[in-house]
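Next up: a single chain in structure tokens, the form predicted on its own.
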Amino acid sequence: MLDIGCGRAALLERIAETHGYRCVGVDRNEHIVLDARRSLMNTELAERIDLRAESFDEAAFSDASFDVLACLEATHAVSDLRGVLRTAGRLLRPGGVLVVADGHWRRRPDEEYLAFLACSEDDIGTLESNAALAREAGFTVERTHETTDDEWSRYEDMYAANILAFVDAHPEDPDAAEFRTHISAWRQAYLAWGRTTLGFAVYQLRLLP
């Protein structure tokens, strides 16, 4: 299994422990990866989970080398959803599973929100158009879970709290100041526009033979 943007590798730990998979996790934040490595140290899982503190480079992996690929809220680590679908189409074995999570428009976005996100309306799809992209890329859509308003709110609360906890714990991180500034602005934008405009969904996709 490959997890792009693995963070502290909690998903990989569960998969390796439950299913016995050999796993690779890639995340560009060195401090987060080091924390994950420390938690795995001296455990049986350490031999089955390879954590890499680097930007994702598709060229580092061979064709059809994974049974499962995950990219949860990290499509930007590749490029975008379309890029993740293309990458997974090469790296997965036929019949392999892609679990990808990404945002979608719930309604037409305000111009101020687009300016904050530095994107155009066309840069983000709808729930339906994201599923259509997956089918066009050679996947079947096995399951879709769209977050509820309560789930979205809890996630945003935890996201902000976790970012602030991380920068408080790692003031030496070169990105700490940027993280703190980002999460403050992100929180304000979420409250002003995001919670009524931007949705989020997890798609379980299977690569056709």
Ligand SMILES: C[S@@+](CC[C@H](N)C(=O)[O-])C[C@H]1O[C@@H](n2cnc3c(N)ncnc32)[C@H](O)[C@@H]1O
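So that the term is clear: the rigid core is the largest set of C-alpha atoms that superpose within 1.5 Å between two forms. A residue's number is simply how far along the shown sequence it sits, counting from 1. Predicted, not measured: the structure shown is a model, and the values here were computed from it.
Omitted from view is the form predicted together with the ligand, to which the following refers.
When the ligand is considered in the predicted bound form, only one residue from Val99, Ala74, Leu81, Leu91 comes within 4.5 Å through any heavy atom, namely Ala74. Proximity to the ligand in the predicted bound form, defined as a heavy atom within 4.5 Å, holds among Arg28, Arg48, His31, Arg37 only for Arg28.
Judged by heavy atoms within 4.5 Å of the ligand in the predicted bound form, the contact stretch among the candidates 141 to 149, 48 to 56, 179 to 187, 163 to 171 is 48 to 56.
The closest heavy atom approach of Cys6 to the ligand in the predicted bound form falls within 4.5 Å. Heavy atoms closer than or equal to 4.5 Å to the ligand in the predicted bound form belong, across 180 to 205, to no residue whatsoever. Once both forms are overlaid on the rigid core, the distance between the two CA positions of Phe61 between this form and the one not shown is under 2 angstroms. Comparing the forms between this form and the one not shown on their rigid core, the Cα displacement of Tyr159 reaches 2 Å or more.
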